[in-house]
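Consider the single chain below, provided in structure tokens and representing the form predicted alone.
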Amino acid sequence: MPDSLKLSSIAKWPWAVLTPVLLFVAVSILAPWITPYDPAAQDYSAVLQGFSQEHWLGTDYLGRDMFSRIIAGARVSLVAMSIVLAAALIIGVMVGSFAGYVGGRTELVLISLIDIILSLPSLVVALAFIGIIGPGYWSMIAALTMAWWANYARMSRAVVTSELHQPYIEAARVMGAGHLHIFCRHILPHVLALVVVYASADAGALVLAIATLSFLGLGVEPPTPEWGQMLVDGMNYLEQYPHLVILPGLALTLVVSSFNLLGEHFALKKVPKGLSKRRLGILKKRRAREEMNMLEQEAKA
């Protein structure tokens, strides 16, 4: 590909949406090296301080640096979100693809199970699962995975069912291709192309769900810094020290909105766009010129 085409394709990327997402990922990865203080270190001589050169975003009620805790909280949210998304994608794609490929009663049973899970709000499913196994970080990971996999399973099953009726699948079977080869080589890429697009939008919802469970005391436990837990810690000081709530709330809002906009952008890319009047006029003129050239060639012949 020429360099000019590469630069033009890069320029078309949604940088206004990608920049906050990439910043969130970069800050999360580099958190251990860019935090000026230990996010869990308590300093009772610097309790509830405002913005200063020593503490850029102030300190909380235990003297912990807010800037360091917000950065470390981004890392906790990114790790938890990545684990849940990866696990939910694997389970959902496996179950949905198996149901769509096998068909029959197996498909009916699995689809019924998927519909039952999807009929309940994801947060309710997560709360019920945590109520069974108990609160905690890994309990939260497992609960959110159980609440999120069903949607990917439904999408995977729909794609597999559609692709199985395509002529190239029948051609592959006639040529002697096995089931595993047909699925991995021809069907799985189509499944992942759709599921990963929706996963980009679910990333923001997962960050919000992680913060919600931590806010309720069922997710990340103190002293681990997490934005939902930081909101709980700052609620008692909201009137006198509102930055304890505003700062983690702004970070959470920015990340969730950015992921939602990114997922919406990718989803809209999948929707066919109608031709503009200008483009339609150009195509008509080109078609007319081609017809004229054909007529001239026939006349000469």
Partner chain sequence: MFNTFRSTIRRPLFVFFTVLLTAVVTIFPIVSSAQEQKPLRIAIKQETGNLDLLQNVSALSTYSLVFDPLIRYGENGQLEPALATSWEVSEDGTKLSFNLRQDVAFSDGTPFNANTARWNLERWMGKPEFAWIGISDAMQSIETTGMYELTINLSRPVPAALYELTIIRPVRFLSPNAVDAEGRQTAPVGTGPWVVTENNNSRTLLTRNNNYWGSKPSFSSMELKVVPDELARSNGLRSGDLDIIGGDWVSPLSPRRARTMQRDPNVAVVAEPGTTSILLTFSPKSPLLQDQRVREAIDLSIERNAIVAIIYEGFATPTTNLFPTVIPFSGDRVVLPQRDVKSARSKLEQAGWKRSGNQWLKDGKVLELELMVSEEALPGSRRLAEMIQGQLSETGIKVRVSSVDNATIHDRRPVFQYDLTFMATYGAPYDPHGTLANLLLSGVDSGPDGKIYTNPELDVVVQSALNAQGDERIIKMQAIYNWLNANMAVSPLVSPKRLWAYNRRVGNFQLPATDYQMPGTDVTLSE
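If you're wondering where the values come from, they're calculated on a predicted model, not measured in any experiment. Numbering follows the first chain given and starts at 1.
The next section is about a form of this same protein that is not shown, the form predicted in complex with the partner chain.
Exercise: residue 33 in contact with the partner chain in the predicted complex, heavy atom 4.5 Å: Heavy-atom contact with the partner chain at 4.5 Å: absent for residue 33.
In the predicted complex, residue 53 touching the partner chain (heavy atom, 4.5 Å): So residue 53 does not count as contacting the partner chain.
Interface membership of residue 27, the partner chain in the predicted complex, 4.5 Å heavy atom rule: Contact with the partner chain, no.
Partner proximity in the predicted complex: residue 257 to the partner chain, non-hydrogen atom cutoff 4.5 Å: Residue 257: no, not in contact with the partner chain in the predicted complex.
Stretch in contact, per heavy atom within 4.5 angstroms of the partner chain in the predicted complex, of 97 to 105, 167 to 175, 220 to 228, 140 to 148: So the stretch in question is 220 to 228.
Proximity to the partner chain in the predicted complex, single hit among 57, 251, 261, 62 (heavy atom within 4.5 Å): Result of the distance check: 62.
Heavy atom contacts to the partner chain in the predicted complex at 4.5 Å, residues of 231 to 251 in sequence order: Residues within 4.5 Å: 232, 233, 235, 236, 237, 239, 240, 241.
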